[in-house]
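Only one chain comes next, encoded as structure tokens, the form predicted alone.
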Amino acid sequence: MERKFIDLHSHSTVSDGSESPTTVVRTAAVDKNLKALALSDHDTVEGLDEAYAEAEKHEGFELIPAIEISAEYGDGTIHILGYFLDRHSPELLAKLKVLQDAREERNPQIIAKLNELGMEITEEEVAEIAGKGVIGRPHIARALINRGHVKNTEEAFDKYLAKNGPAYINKERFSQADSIKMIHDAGGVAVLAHPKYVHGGDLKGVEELIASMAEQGLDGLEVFYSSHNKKEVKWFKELADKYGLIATGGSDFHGVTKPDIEIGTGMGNLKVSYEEIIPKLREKAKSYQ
């Protein structure tokens, strides 16, 4: 069967997904028969070598080197996807180390706050859950579930780990402009992820942000996304056209932490075309390489 579709947003155990890079790629290439996949782990490219080793085994399948950067946005965070970047860039790796160090400094503080609240978990058990991946709040949430403190990841974030929650600790992030520049300097294309969740879903605020980021060099907008309905897809596509951005799409696959989302198909309604998107992204990336 001919490969036609792609998924430009997926996560592995190297950040906060439940499946290894090998499994993510194999599922995309074999089970889902995708033509291309972007492994876009949070603030790290450490899973890409393993992912490439698996991708090379599947004829007609393409792995796109990617990342998802957490950038400052007022008192909160926005996520910026980077595609076709040089995963071996020394400058990129140095900046990612800053973000990873900030995450590592935050984790013990979150755990200490949870302990103070009567939620007994340890750094060691969280590290075991994360394995070789970069430890983040989803791993802490899983430790809370394992201990019986909460029923699921959603409850862990709603009660304790979300911004303004009793165990939330802020961490250092780069600005939007610096995050976009970091991706460009590594030869990549910068795309705003899941705009539905930006600015609390306020449409005017979302458009203002997109307009501002377009001036800062943003290249694309994640128009096709697992939880975007038809009306939202239409509106985000219009915004992408209005501000000269490439319309991209992806599932935001995480495995068991988002069990209703599958690679390639999202919640069952996702079909992202290779021919309509990848040539545009590849051509745009050439301008930064």
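The shown structure was predicted, so the numbers you read here are calculated from the model rather than taken from an experiment. Numbering starts at 1 and runs along the sequence shown.
We do not show the form predicted in complex with adenosine monophosphate (AMP), though everything after this point is about it.
Not one of R3, R26 and F61 comes within 4.5 Å of adenosine monophosphate (AMP) in the model of the complex, counting any heavy atom. For adenosine monophosphate (AMP) in the model of the complex, the listed stretch (124-132, 102-110, 213-221, 86-94) containing residues with heavy atoms inside 4.5 Å is 102-110. Though the partner is left out of this view, P138 does reach within 4.5 Å of adenosine monophosphate (AMP) in the model of the complex, counting heavy atoms only.
Contact annotation for F157: at least one heavy atom lies within 4.5 Å of adenosine monophosphate (AMP) in the model of the complex. Contact check for T153: a non-hydrogen atom falls within 4.5 Å of adenosine monophosphate (AMP) in the model of the complex.
At a distance threshold of 4.5 angstroms between non-hydrogen atoms, R142 is out of contact with adenosine monophosphate (AMP) in the model of the complex.
Interface residues of 8-30, taken as those with a heavy atom within 4.5 Å of adenosine monophosphate (AMP) in the model of the complex (partner not displayed), are limited to D16.
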